[in-house]
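Taking the form predicted alone, here's one chain by itself in structure tokens.
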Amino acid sequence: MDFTSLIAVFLGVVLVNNFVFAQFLGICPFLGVSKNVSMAFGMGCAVTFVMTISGVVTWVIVHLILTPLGSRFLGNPESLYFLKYVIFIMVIASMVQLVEMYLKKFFPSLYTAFGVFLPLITTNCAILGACLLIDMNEVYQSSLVKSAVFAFGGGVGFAMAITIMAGIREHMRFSDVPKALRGAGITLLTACILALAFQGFAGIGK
């Protein structure tokens, strides 16, 4: 397999089509957990792990289980595809449970700091979006490796976005922000400026 194409897939989803800044997926945890860098980085790593494993596992289930079963027993390889969305949610929820148990055992302070946002990774639309994009794109449908790189890159892009945002928000605590913009206002404005900045990567690969 062409290594250059894998690099292009990775950079494309990290920079050009970043799930947060370009596709506006995963905004809830992005805004809710980006208050300090350590917590944001931890959330980014958790999302990267869940997104990568979920992307790979769902690809395997759809192409190596559902498709052969549908073709063999029902005469149509797509006849069982109605189960895909249920499977996606179940796989994502299972991966989140693994992360939750790991953090609770080995990093209890981080587990406590995440609070409700950790189980909410299950409903993080960025992760479900990655699984759906892999399923809908013919390039990823035909290649497990490219699907894995895409899912991993999506997680890295999310981690980068939330960590950058957390660093900016930490510095803003010591800034003289106008009273009318304090809180959600300045946070959303900062996110908009970052999204505009990432538009500068749109020409990569052309």
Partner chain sequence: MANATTDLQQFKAGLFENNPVLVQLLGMCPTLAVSNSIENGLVMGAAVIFVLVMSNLITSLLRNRIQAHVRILIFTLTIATFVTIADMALKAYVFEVSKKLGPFVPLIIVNCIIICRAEVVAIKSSLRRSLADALGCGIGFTMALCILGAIRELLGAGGLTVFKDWGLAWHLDPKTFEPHAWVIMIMPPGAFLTLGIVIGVVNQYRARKAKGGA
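Quantities reported herein were computed from a predicted structural model and do not represent experimental measurements. Whichever C-alpha set is largest while still superposing within 1.5 Å between the two forms counts as the rigid core. Positions refer to the first chain, counted from 1.
Only in words, not in the display: the form predicted in complex with its partner chain, which the text now covers.
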item	value
4.5 Å heavy atom contact, Tyr85 to its partner chain in the model of the complex	yes
is_contact(Val13, its partner chain) in the model of the complex, heavy atom dist at most 4.5 Å	no
Proximity of Thr122 to its partner chain in the model of the complex, heavy atoms at 4.5 Å	yes
Contact of Met136 with its partner chain in the model of the complex (heavy atom, 4.5 Å)	yes
Its partner chain: the contacting residue among Leu103, Leu118, Met95, Leu128 in the model of the complex [heavy atom, 4.5 Å]	Leu128
Members of 178 to 197 lying within 4.5 angstroms of its partner chain, judged by heavy atom, in the model of the complex	Ala180, Leu181, Ala184, Gly185, Leu188, Leu189, Ala191, Cys192, Ala195, Leu196
C-alpha of Ala180 moved at least 2 Å between the shown form and the other one on rigid core	yes
